[in-house]
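Just the one chain here, laid out as structure tokens, in the form predicted alone.
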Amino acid sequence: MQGRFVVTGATRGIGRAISSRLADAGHEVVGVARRGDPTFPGAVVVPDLFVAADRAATIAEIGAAGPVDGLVNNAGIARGASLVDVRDDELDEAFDLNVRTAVEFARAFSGGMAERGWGRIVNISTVATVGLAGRTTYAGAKAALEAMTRVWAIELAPHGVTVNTVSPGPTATEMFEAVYPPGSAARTEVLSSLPVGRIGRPEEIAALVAFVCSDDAGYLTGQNLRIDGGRSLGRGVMG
């Protein structure tokens, strides 16, 4: 089934790759992002997702333009700090963007999916939820999202709506390359944690998300699909 998909965090990195892959599959894509992109394969709404009123206005604008058949909750923020250095404002930011935004978008659009008897919700998490030093806020928020995936899957399964998590490992996005530049000691340490011996590509994550959003994945729900080069198998300590 081809439908209308909303992707948050849509104009950069993994979100951009997901949006392009869904558009290539014939879906109408509505991107939600902090900045626009004239080359984006669909419409883009540019709110500040840290602001509750902006989130509500964006949801209303998207809903008024037509039914939503799928939702990819990709927007997120990763702050690095050890436990003793975690700040309250960073904790609030992590849960506002990674959890509250996902809940509000899913709450708004899942009812229509259930009424029509078909829908896909994909929550993008991270391999950091298996354990990564310095990721209290990010891993904690994403772990909450993983738990909600299972709850939503149970509630929506009778109505033809699937809900799954996709959890990437280290992926060559603009943000990753800035923090772990080629040749750096930090990048070498990340690579040592990956049994496949390389960093993932956004297009690989997008391919998995596109499958989860397809008709062929109708029997798949409530799952956390780790696409992490083997990082979660426990070989290393970085992600």
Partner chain sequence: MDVAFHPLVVRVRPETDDSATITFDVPEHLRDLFRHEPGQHVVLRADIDGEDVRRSYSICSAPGAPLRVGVKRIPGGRFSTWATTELRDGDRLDVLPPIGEFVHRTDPTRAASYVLVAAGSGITPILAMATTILATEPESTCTLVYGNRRVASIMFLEELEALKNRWPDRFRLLHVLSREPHDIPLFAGRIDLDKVRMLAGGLIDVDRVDSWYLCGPLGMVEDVQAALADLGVPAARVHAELFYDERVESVPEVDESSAGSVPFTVTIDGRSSTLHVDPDGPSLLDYARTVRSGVPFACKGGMCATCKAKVLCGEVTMAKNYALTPDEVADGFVLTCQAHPVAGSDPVTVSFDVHGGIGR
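Numbering follows the first chain given and starts at 1. Since we're looking at a predicted model, the values are computed, not measured.
Another form, the form predicted in complex with the partner chain, is not on view; read the next lines as being about it.
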Among A65, V196, A186, A56, just one has a heavy atom within 4.5 Å of the partner chain in the predicted complex, namely A186
Just to confirm, with a 4.5 Å cut-off on non-hydrogen atoms, which of R79, R150, H159, R100 contacts the partner chain in the predicted complex? R79
In the predicted complex, does E177 have a heavy atom within 4.5 Å of the partner chain? yes
Counting only non-hydrogen atoms and a 4.5 angstroms cut-off, does P181 reach the partner chain in the predicted complex? yes
Is D85 one of the residues lying within 4.5 Å of the partner chain in the predicted complex, judged by heavy atom distances? yes
Hey, in the predicted complex, is R201 touching the partner chain, heavy atoms inside 4.5 Å? no
Among 65 to 73, 209 to 217, 33 to 41, 47 to 55, the stretch whose residues bring a heavy atom within 4.5 Å of the partner chain in the predicted complex is 33 to 41
For the stretch 1 to 27, which residues lie within 4.5 Å of the partner chain in the predicted complex by non-hydrogen atom distance? R12
